[in-house]
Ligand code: PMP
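Below you'll find only one chain, the form predicted alone, shown as structure tokens.
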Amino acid sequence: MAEYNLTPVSVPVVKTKYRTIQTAIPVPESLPYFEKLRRSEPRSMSGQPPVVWDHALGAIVSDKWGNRWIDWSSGVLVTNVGHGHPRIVKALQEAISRPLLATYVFPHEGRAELTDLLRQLAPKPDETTVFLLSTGSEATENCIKLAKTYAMEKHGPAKSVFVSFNNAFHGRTMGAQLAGGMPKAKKWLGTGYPDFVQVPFPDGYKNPDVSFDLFLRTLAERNLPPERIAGVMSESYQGVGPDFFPVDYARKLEAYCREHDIVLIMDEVQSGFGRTGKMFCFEHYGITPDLIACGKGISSSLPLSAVIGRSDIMGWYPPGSMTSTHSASPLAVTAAIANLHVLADEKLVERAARLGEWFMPELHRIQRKYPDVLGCCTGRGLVAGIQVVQPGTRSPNPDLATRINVACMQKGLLMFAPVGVGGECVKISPPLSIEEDALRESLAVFEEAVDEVCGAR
């Protein structure tokens, strides 16, 4: 993860309709906050650009010293309908004034409404149930638990292996990281977990072989026949890219799982709720997963996640044995209901697809200006990423990626820290509601920053 310099730097003044930079960056008056956080938090929390958020609305993030940034982070792909959407704020205000703030798993009206709304988004609503949770890691962990339970109960204890993909990220809790595909993130787990296996992801760049035969060969080399495999899970797009499945591969994977009664799980925590120009990213592939892990953009605000899946898989556990303290927490549920209505009423899923039609070609054009260090550009709808590499190689270049990130921040364009195996991917994910002229302005700012950093090497 990037280390950001906290020494204030004088930068050119910026004042446009959507951006204002009128102080040194980081703001000198903000430094006591960073010092307080340094004393009170683990250093793992210090990995984002040094901007102290004060308020945010739509696609604009502001500090208390008069600076404004166009947001290309969406709060790590949370605020799909935009920051502080008025309908979400109003719904939350009404809920607080009731008040009903905590319910455990005692029923309330919002829980019934939201689970039904989410069920209707599934490919087969009449065969689907929904389990509400708080975080994406909880959602993926429960997918693992449900897949292994279903397979072992139905077919016996030998069908227990869980397959996922290299470079995958499914969360930071133990089960989520066992299924993850980043060795550095798993060192704390030690060794000795043979039931969790990773195979190459067919991204076409880090792994040029995009054939489904590679999946089959990898399992065969590890002596894993399909009779032993309980579930297969993948992000619908890998967040370190974003890297997408080839359609043919995804469909062959689905057919393989169907043939051998293997639970197919799509992790939509990052990619769901319109981000790619479809409600769920897996819709681009024409497949039907058995379980869908959701989070982030489900509420565009408060912590909430969900597992949406086949009723026969979801129903293995008896009453009271698969619950969560804050499952269907009333405020988060209220935000999610309002969020889903906004997505539909403002046609933001379709809007993401439409904006992506011109936005993605422009990002590809910028990448092609410096192909020796901007290794590839991938994306769909309003999510994209550019891999920043050492000159003439495919090796990560986190220093150059961070310099691009900082140059953008100094000009009034905010992104989260570079992600990926080495922190090399410049990730682009504005709110789906971003005004088109703000998106064009921010694109010009991004190109200016890239030109300054890459052109000056």
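In this text the structure is predicted, and so the values were computed from the model without any measurement. We number the residues from 1 along the sequence you see.
As for the form predicted in complex with the ligand, it is not shown, yet the points below apply to it.
ask   = in the predicted complex, which of 152-160, 370-378, 261-269, 348-356 comes within 4.5 Å of the ligand (heavy atoms)?
value = Going through the listed ranges, the match is 261-269.
query = With a 4.5 Å heavy atom cut-off, would you call residue 136 a contact of the ligand in the predicted complex?
reply = Residue-level check for residue 136: yes, a contact with the ligand.
task = Report whether the minimum heavy atom distance between residue 169 and the ligand in the predicted complex is within 4.5 Å.
result = It does: once the ligand is placed as it appears in the predicted complex, residue 169 has a heavy atom within 4.5 Å of it.
inquiry  = Check residue 296 for me: does it contact the ligand in the predicted complex (non-hydrogen atoms, 4.5 angstroms)?
reply    = The answer is yes: residue 296 has a heavy atom within 4.5 Å of the ligand.
inquiry  = Where, within 221-241, is there a heavy atom within 4.5 Å of the ligand in the predicted complex? Residue list please.
reply    = If the 4.5 Å heavy-atom criterion is applied to the ligand in the predicted complex, 221-241 yields only 235.
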